[in-house]
Structures are given as structure tokens and as C-alpha cells.
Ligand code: HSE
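For reference, the chain that follows is the form predicted alone, supplied as C-alpha cells.
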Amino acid sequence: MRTLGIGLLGLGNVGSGLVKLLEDNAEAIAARLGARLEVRRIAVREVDKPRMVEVDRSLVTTDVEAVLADPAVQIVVELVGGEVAAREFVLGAIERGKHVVTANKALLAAHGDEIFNAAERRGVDIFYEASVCGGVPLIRALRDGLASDKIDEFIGIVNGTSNYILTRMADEQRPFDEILADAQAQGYAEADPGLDVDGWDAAHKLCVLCSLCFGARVPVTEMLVDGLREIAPIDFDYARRIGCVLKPLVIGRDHASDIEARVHVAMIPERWLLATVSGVFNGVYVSSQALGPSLYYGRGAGMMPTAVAVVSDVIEVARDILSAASSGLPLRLRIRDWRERPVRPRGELVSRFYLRFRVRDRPGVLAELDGVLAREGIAVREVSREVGETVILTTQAAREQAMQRAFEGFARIDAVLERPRLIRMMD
């Protein structure tokens, strides 16, 4: 039976999970694939660092070049993260005719064009199932399962840390800072949580999804990206009263003329299926013309779920290698043609809005707030005077640019004690 060699870049959580899966399921994988998969070289920063799995020390090196150049390695798995070094390693592997598997959404968001073009020129595969939603086979469903369909829209929860924090805030009525500290203590959030709670991890994943679903390049810099640091327990109270929940969403829509791409917390109706996606779980709703709606759900992060996705890609690449060797036909390239598509400007995006104010308790303040919104053509849907200094307004649908101008007007009202808090609402 033929053996295919794997070169592993990085031996952290996911890399350790990959080694464990390949060892524990070696016979089952060989039976399904018709070949064995063997880790032949591993590049790490520190050779003597304690690991979660035992590996043959002779395979471990700090020299990435030795892994990329090894003729016994046919598939390179990049798990180092980041952009700069990862880009160099992936392009180096492709240049040497190695097939690449990566879980690196930041790399694909920033350099996907360059990497996919290089892979196409060299005639090698690059797979990235684990880059979005961890162990959920979303990429394969979009790339293969819906290959004959046209996707119009997707709405998803793709960052487990943000979803975990919002779920616990809703359940426990505790403030963001306390729940974040707990999440960090339990390992659900990084020491520097900005990539997750400020929306940038989700934005990188949104780039990947837009390329798959719409064949469009959507730079992170052109998206609406908003985090969840300003969400407070009172916001969950109001959401419950109107039959809604708060979820951290990515939204992509193909408007034919342009692409809509946004990342933010939203109040969504509790009857939506996405409203039931809680804790560290991910879920993505997809609407396509022939199939209609479909939903993809599962654990979005963690050592073993992500490793499952990485190994599934390794097996798929191995199948391509074996098929090409036996038939003499070229590899199946998994690259959808990208077209230049304009991204809808952030100011033109439309939502309903929830606005929470802290104001001086004096006559006329509600009329002043309503007047600012009316001047921008924004209609108020509901007003709620909460206990103390808090006022909540919800609006009918309006453009982001109109709301931003309204914020300038709110700043000129002396009874408004601080910048209002804003959450977008979806019907």
C-alpha cells in the first residue's frame, strides 16, 4: 500500500490533534483511502518544548525549509497562524510542487489571490476547510455541494468566543468584562481577545465566505466591522421583551450590482434557527436559488474539531494525488474564478437600529432625540423610558450614513450624557 508523506508546520493544539487523529484512526483512514498517511517532518519554533502528543524527535526541526524541500513530503499542513511567515511558507511549499492544507483564515483574507493563483500555475491543491467554522464541513458544502447552485445570501455565527460571551451574558445577566475574564480563565478567550470580540476574526472568515459564495474579493478594510464590548445586560432585557436574542453575525449578500459584507452583533427574532446556536457553537444559514435555505451547525473551534477538518482536507488531497497517479489526468483544482465586484459602501448598508441613551431626566429630551432622527429621515418605531437615566429607541430601517449623521446631532444635545449605544436589528 502506498504511503503519502505529510510535512507539518506547527505542533500546537490543532497540530497535536492532527497527529493524534492520524495515529488513532490510521487503519480506518488507510482502508477508506487505499493509502497510508504518515507525518514525516514537523517544523516548530522550539524543539524541546513540552507537547500534548508524543512524536519521534528525529522528525522535529526548527528549519521550515527542510520540511518544504523534503522529497518524502507530498502534502504540507500550515498551522503556524499569522500572515507574514505563513505566506512565505505556503508559497514556498507551492513553488516546490507540494499540496497545501491550511486553517489560516487571516492568511487567505489578506493573500488569497496570490496563493490561489500560485497554486493554479503550479497545478497543486490548496484546501482550507478548517479556516471557517472549525469542524463543520461548511467549505466543502459551499464549494462542492452547492457548486451547481447560485448563492444569494448567507448569515452566520462564525466566532465561538463572541457567541460564548453573549450566551453567558444573556443567561447570567452579568456585564461583558466579567464574562470575558471568565472566558479567558477557562481558555475560551485569548489573553488579548481583540481579534475575537472586536470582530476581526469573523471578518477574516467573511472574506473567505464571500470568495466561495460570490466569487468576490472583499477586503476587510471595506467591510462594516463592529464588536461587542459595549453590549450590556440591559440590552438583553429589552431583547427578551420583544422576543429577540443577541448574536454576533457575519452577513454576506449578492445584490448583483455589488456585494454586501458586514460583521456586527444583531438582535434577531428568537424563532430564527440561528437564535438557538449558543455557547462556542457556530451556525451558518445559506440561501441559494435552487436548493433554497440550508443551515450548517456544529462546534466551531477547539483542538479536535479543527483537527478533524484539517485531516479531512489532507484525505481529500491524498485522493486527488492517487486519482491523478492512476488515471494520468491532472488534479482537480478547487479554485472558483474570482471577479472584480464592488463592495457596497458601509454608509449605504440598511438596518433597523436599537439605540440606548443615558440622558438627564428633564422635560423635552425625548422630543429632541426624535427631532435629530427625523431630520435624517429616520422614523422611530418604539420608545422605552427605562429606570433612571436610560432611554431606549428603536427605529425603522435606515442607512448607516444617516445614523452616523444622527450621532453627530445627539452629541450636540446637552442632556445626552454619553455617546449612545447602538445595536442593529434584523426582522
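Each form is matched to the other, and the largest set of C-alpha atoms that superpose within 1.5 Å is called the rigid core. Predicted model only: the values in this text are computed from it and were never measured. Numbers for residues come from their place in the sequence shown, where the first is 1.
Another form exists, predicted together with the ligand; not displayed. Remarks below refer to it.
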query: Stretch in contact, per heavy atom within 4.5 angstroms of the ligand in the predicted bound form, of 138-146, 227-235, 200-208, 308-316; finding: 200-208
query: Selected contact from Ala110, Ala301, Ala86, Ile115, since only one has a non-hydrogen atom within 4.5 angstroms of the ligand in the predicted bound form; finding: Ala301
query: Contact assignment for the ligand in the predicted bound form, among Ile179, Ala189, Ile321, Leu355, heavy atom within 4.5 Å; finding: Ala189
query: Contact flag, Val76 vs the ligand in the predicted bound form, heavy atom cut 4.5 Å; finding: no
query: Residue contact check: Glu129 to the ligand in the predicted bound form, 4.5 Å heavy atom; finding: no
query: 4.5 Å heavy atom contact, His99 to the ligand in the predicted bound form; finding: no
query: Touches the ligand in the predicted bound form: Lys105 (any heavy atom, 4.5 Å); finding: yes
query: Residues in 53-68 close to the ligand in the predicted bound form, defined by a heavy atom within 4.5 Å, in order; finding: none
query: Val80: Cα shift of 2 Å or greater between the shown form and the other one (core-aligned); finding: no
query: Ile315 C-alpha relocation of at least 2 Å between the shown form and the other one, rigid core basis; finding: no
query: Threshold 2 Å Cα movement between the shown form and the other one at Gln184, rigid core reference; finding: yes
